[in-house]
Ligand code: HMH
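Take a look at this one chain, the form predicted on its own, written out in structure tokens.
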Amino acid sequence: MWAKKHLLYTEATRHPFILSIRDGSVDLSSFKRWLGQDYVFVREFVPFVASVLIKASKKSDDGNDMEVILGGLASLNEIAWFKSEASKWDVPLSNTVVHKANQNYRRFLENLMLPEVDYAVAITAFWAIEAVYQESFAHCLEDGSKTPSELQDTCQRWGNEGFGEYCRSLQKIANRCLEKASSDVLTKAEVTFLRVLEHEVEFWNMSHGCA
């Protein structure tokens, strides 16, 4: 199982779409496709995070988990950012045809919002989703990268050190919850983690024009 997780994590964070941004060869039509589809995804992601917050309010007595999650949401304000970027890139959002990979990912999030989903499972998924973006876009900012100047803002948004620290805070919360979890919940969290990685790879494939 560890080998599969490691392989999938590498596929998700070093996908050809990300590598094309890093080496400057990215087809901007692929970037625009990602932009429009990710806006649609974020509109489902925000309710998912809200559901994680509700679970955190019941499981975190000191409120620290809620503070961490809310802090990240406030700093990102993703819906407004995507609308602004779409306007800049002339990407129409109102008539976006939702790709199958996006539909499947959103359906996966809907299932994670169900009340019976354990907090440990939900927070693990939340951390994994954020961590994939952080590591992917941070790679595009490292020394030696040739990321196009017009994509620097996007990469900085998720690849900056502040967002990296946020992801590490989410990981600490997830680890703490999993340490106390039953074997059944641990299994569900592991399966959910793998499914997040699979959906991320499929989303990159869609953006890159491979699916």
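This structure is a prediction, so every number in the text was calculated from the model and none was measured. All residue numbers are counted from 1 along the displayed sequence.
Another form exists, predicted in complex with this ligand; not displayed. Remarks below refer to it.
field: Contact residue in the predicted bound form, chosen from A138, I129, A86, L112 - any heavy atom within 4.5 Å of this ligand
entry: For this set of options, the contacting one is I129.
query: Do heavy atoms from each of E44, F48 and A50 fall within 4.5 Å of this ligand in the predicted bound form?
result: The answer is no; none of E44, F48 and A50 reaches this ligand.
field: Option from 35-43, 173-181, 139-147, 22-30 whose residues, in the predicted bound form, bring a heavy atom within 4.5 Å of this ligand
entry: Result of the contact check: 35-43.
- prompt: Hey, in the predicted bound form, is Y119 touching this ligand, heavy atoms inside 4.5 Å?
  reply: Taking the distances in the predicted bound form, the answer for Y119 is no, it never comes within 4.5 Å of this ligand.
message: Where, within 107-128, is there a heavy atom within 4.5 Å of this ligand in the predicted bound form? Residue list please.
response: Residues within 4.5 Å: none.
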